[in-house]
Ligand code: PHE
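First, one chain by itself in structure tokens, the form predicted on its own.
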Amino acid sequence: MAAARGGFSSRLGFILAAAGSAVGLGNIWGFPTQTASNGGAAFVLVYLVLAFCLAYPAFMAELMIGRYGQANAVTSLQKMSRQAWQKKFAFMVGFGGIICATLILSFYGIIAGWMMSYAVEPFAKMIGMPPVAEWVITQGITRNVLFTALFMFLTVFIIRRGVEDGIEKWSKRLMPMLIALLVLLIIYVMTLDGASDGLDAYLNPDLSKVFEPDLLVSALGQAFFSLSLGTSVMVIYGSYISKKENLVTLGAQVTLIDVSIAFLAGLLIIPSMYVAQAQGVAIFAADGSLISGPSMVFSVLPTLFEGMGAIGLFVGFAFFILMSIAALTSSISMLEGPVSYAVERHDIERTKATTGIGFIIFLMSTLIVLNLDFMLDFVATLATEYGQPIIAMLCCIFVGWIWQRSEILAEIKQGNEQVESSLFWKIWPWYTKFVCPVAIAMVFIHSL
């Protein structure tokens, strides 16, 4: 069965694919916005601590479920179950994650389409097509549906090709491009007036804000969202990992890459905001709050690029290509969840399952586009503030309270014989059993 399912051909393939799933608009768009809204460097410090102390253990739980089950999220969880009620609970958790991934992709595709349209705008100006440049950044049903369809086509194209030839191959191509673009843009922005003030706000924490309840909960929520927890994604990716691999090391490497790229994104976005402020663009209100909030990437940054003159066209093009790549590395993982379920549970051929599910999600996106003012926020809130925390919490409960400890140890020891005497094994089981569910419950209660 493992051969028929496919799998990652190398450790690097998994690391880049899993990091690609984790590194999306939540890191490059959401993290800097959260940072700017929650005390700058204090938020960064708390985020880094919580990513390793709480998100990493939950991340490991999902990876272990997948590699143990060697199947889609529902089947993997049911393999851990011993009693009838546990199997029903497993179905609810596994299928809930698949639904959550589907909902996220339905609105994510729209926002990713906007990123692509904003990448077209400077290109259209370069080749002397100002009417096209104006149209692609103007909100409208036709524009939104067209670019959402284009983004979904790219996602379906990659997933149709399977794990090794699709997810792994394209992750190996896209992730190095993403990192290179990010670094080049950071280097350029650091040469501009105002960047040093942004760097100071980003790197010098006000320690008096570190224990503010809202900051703590926001940082925890960002850590869980950025690692794709609670969507069945890491369960299915875990199922494609070889039994010979050291899961503890792999999970730590993916978490490190994820938080590193989030940190790099902040090095780009926060100084860019202060550069824009130095050029006369209003960034902060009188009370210090962020004016643009989530829409900053579509308002403040294009204004900044325009102020750079001719070079701004190239910088703007590179930035929105970067955002589009980040979105694509995440969307392919979200589509793989429901596709793997359809292929394995209902014996549907992969290309048909991918095309059919991709089209259904596109129709959901179109429905959101037609009711954009109401449905975009509603679906995003439902999936990310309600669905993800609940499913991530239930996965931790499953591993901590239902899966037998001896089976967990046997699973981790494949690829890591000495794990039983390690600090990880002395801490992780009770940490996942008690600390993680309580911490995730705090995020959920706060979101209510």
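Superpose the two forms; the largest set of C-alphas matching within 1.5 Å is the rigid core. What you see is a predicted model; the values in this text were computed from it and never measured. Numbering starts at 1 and runs along the sequence shown.
The form predicted in complex with this ligand exists for this protein as well; it is not shown, and the discussion that follows is about that form.
Per the 4.5 Å heavy atom criterion, this ligand in the model of the complex is contacted by stretch 102-110, the sole one of 178-186, 69-77, 102-110, 242-250. Listed residues A219, V259, V233, V275 were compared with this ligand in the model of the complex; V233 is the one with a heavy atom within 4.5 Å.
Residue in contact with this ligand in the model of the complex (any heavy atom within 4.5 Å), chosen from T155, S333, T148, T354: S333.
At the 4.5 Å threshold, heavy atoms of S340 stay clear of this ligand in the model of the complex, well away from it. In the model of the complex, this ligand sits within 4.5 Å of a heavy atom of G26.
Proximity of F225 to this ligand in the model of the complex falls within the 4.5 Å heavy atom cutoff.
With a 4.5 Å cutoff on heavy atoms, Q388 counts as touching this ligand in the model of the complex.
With the core held fixed, the Cα of G66 is displaced between the shown form and the other one by less than 2 Å.
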